[in-house]
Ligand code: IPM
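Below you will find one chain, with nothing else, as structure tokens; this is the form predicted on its own, and questions on how it binds or moves follow later.
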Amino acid sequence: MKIAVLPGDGIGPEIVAQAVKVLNALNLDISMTEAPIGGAGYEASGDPLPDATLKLAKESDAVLLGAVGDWKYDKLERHLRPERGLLRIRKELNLFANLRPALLYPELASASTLKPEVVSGLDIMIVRELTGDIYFGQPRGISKLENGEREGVNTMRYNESEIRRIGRVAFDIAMKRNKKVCSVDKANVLEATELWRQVMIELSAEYPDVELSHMYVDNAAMQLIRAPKQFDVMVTGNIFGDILSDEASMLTGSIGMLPSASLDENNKGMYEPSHGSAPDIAGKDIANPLATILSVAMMLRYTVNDEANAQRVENAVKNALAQGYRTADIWTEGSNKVGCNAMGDAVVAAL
């Protein structure tokens, strides 16, 4: 296995270092090569996705990413900002399927802002389409109208094949879980998602054992807070998935606990925590590395096809939590507050 390691910005280098530590502890036949992306890419070569980084990513079997972004880059031209590098690498690698599990560990039930009885036993998989929708649709941009007023335009669009392939990912995952798919759209007002619903209904005929339901995105946002355990697999478009997956992360106690996988049609993937670069805490050794470490488990499961070691990593995280180790974001009275590096050490020790 050849893995491209892209630490990125902010807390990215700190959390990725812990994930690399875990990978090394597994003693697998892998090689890891590091390269810059985001603000680090801009600093290195004036581009948030340097050509050498993209080449490395394309030649690797998987990509391990930290996070991109920093306030100091906010005044750059849009195409030079760190986030553009992230969007571009997803597009260049054709990573159309974003998997974001929201799983509540029993030890963290009290860390959630919701009542334990609402979230205990939570296990949701959010499947987000990643290369289409309003983030990539054309036309887009800011222009000036005839009266001199500025106008911003973005276009939400999906074609049938894009919807069908992400839908198939969701149904296939549901077949291995509780055989329930909730498709989230806004079909009552948006034609792009009206087509989304039509295609999902057509696709469901291929999966007679899976129960398909539909929910408008505003209701889905409310239901995630009201009764989140009603969901098994949720599938939705790029912008809705971006928002709902971050909402779901707080059900688990902290976004610092949520891994993610972004896959192409051959299960080559980019693996990263669901959270951002948190530049305000960068370098302070207080970031939570568990989402990044759990992203390694997803890499082992989906790209390496090594379920045994995926479960080893997940069990090591469970054991570290059971032993009372907590970073600041998930700390509760009576637990052992540790830093980023110490939490990585705790997981390695549990391995």
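In case it trips you up, residue 1 is the first one in the sequence shown, and so on. What you are looking at is a predicted structure, and each value in this text was computed from that prediction instead of being measured.
Only in words, not in the display: the form predicted together with 3-isopropylmalic acid, which the text now covers.
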Which of 82-90, 223-231, 200-208, 102-110 has heavy atoms within 4.5 Å of 3-isopropylmalic acid in the predicted complex? 82-90
Contact test, all of Tyr135, Asp242 and Ser274, partner 3-isopropylmalic acid in the predicted complex, heavy atom 4.5 Å: yes
3-isopropylmalic acid in the predicted complex - contacting residues of 115-129, heavy atom within 4.5 Å: Arg128
